[in-house]
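Just the one chain here, the form predicted on its own, laid out as structure tokens.
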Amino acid sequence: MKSFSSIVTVVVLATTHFLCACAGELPDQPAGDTTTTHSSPGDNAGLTLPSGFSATVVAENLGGVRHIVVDSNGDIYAKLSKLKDGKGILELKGGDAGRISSFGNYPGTGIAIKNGYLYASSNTSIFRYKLDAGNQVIDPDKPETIVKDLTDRGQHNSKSITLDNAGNIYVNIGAPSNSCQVQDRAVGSKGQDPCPLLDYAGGIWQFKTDKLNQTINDGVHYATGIRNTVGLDWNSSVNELYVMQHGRDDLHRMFEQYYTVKDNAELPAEEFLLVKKGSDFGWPYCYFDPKQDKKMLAPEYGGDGKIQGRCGEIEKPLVAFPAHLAPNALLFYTGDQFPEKYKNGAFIAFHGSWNRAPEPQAGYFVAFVPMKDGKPGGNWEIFADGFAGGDDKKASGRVDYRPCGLAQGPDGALYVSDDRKGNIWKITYKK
């Protein structure tokens, strides 16, 4: 396995890769990315993929499709960011965009299937729907409420979910704040210490899947110090929870005496985290600087870009990705269709940035992290690209599509959703 320092080197190189590519240059591949032969950009529904892979669009213009899940019949369940005809969940029977039904009177992000139930979340609650022997929802108008009354203040309100193999469901409760300032996102405002938001947000909560009408007081405060994670998944190969943390914003805008405009674009890292019960990853007091390979003290709490302080003991990420790429889905691949290198590896959908200016915006791709025994087994690489629609569109942020959800089909295919127009791609491999 590569050392963490070598992974950080890849992050720096990968950041250069994005910036050069946006400027029209042809950069070298990031170290460790051996996938240098790709399909023609004119093929594969506009996507660029490793050799042997192909992509088709199975649905388009559905509305903002957040997370997705595919059942054993190939039916796709898509969670919408906004209601469409009063409904927030679409079912594409057999993955066919010509056979769509809808249900659920709430928008949101999270959706999952486990042990005969479909689970879906709004921004305040988690519901479950009983499935019949054919994996069809029995009564779509009468879901059971598993969890209710979770905080929703508009900012970072996605209640993304994943389930383990022991009857537990894990829920992100994002912090409705950038860095827990007295006045949120105000120039020079100090941070609250201790941060009161951490009592009910900024972390992961664990609930039981078979208990109805739970509130946050019924759950286990599984991990804290996580600003917001839209992408999370249970890795069954090691029975552990993993998440992708969205890093904070506005270092230069709020503390220009310590940070440059370039620092603002490149700090902090987006973090790939192994989350154990009781983990604390330091938000809002700390952020991860990939150039220094350190958790640094946030300026709201006395930091200046050089001081570690209390953050010296905070656990580092498994992988540090370039800043502000917005990782919105995480999926551990368990299928047999893809080559062996992908087995139990992590796919990550990066929604793309909005706040790297005056540097070019970046992201809008699906990355892959090879895994071995629950840890990165090599350097990460870009797996699927081209969603933006071109380098000029990517640099400006005015892109065609933004990857948001990931799902694995019963045949081992990988599905990717877009929450800008509502496309869903199916990626397959053939030797």
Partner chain sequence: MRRRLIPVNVVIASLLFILLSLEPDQIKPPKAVMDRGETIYAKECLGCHQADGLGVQGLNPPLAKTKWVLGPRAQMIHIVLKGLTDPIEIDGDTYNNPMPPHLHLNDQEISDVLTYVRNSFGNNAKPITPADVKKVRAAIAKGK
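Residue numbers count along the first chain shown, from 1. All figures in this text were calculated on a predicted structure; none of them were measured in a lab.
One more form of this protein should be noted, the form predicted in complex with the partner chain, which is absent from this view; the next part is about it.
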{"item": "185, 252 and 351 each touching the partner chain in the predicted bound form (heavy atom, 4.5 Å)", "value": "yes"}
{"item": "Among 109-117, 286-294, 304-312, 148-156, the region lying within 4.5 Å of the partner chain in the predicted bound form by heavy atom distance", "value": "148-156"}
{"item": "Listed residue that, although the partner chain is not shown, lies within 4.5 Å of it in the predicted bound form (heavy atoms), from 136, 355, 209, 224", "value": "355"}
{"item": "Sole residue of 361, 162, 214, 125 within 4.5 Å of the partner chain in the predicted bound form, by heavy atom", "value": "361"}
{"item": "is_contact(residue 398, the partner chain) in the predicted bound form, heavy atom dist at most 4.5 Å", "value": "yes"}
{"item": "Exercise: residue 262 in contact with the partner chain in the predicted bound form, heavy atom 4.5 Å", "value": "no"}
{"item": "Exercise: residue 71 in contact with the partner chain in the predicted bound form, heavy atom 4.5 Å", "value": "no"}
{"item": "Non-hydrogen atom contact residue 256 with the partner chain in the predicted bound form at 4.5 angstroms", "value": "yes"}
{"item": "In the predicted bound form: members of 285-303 within 4.5 Å of the partner chain, any heavy atom", "value": "none"}
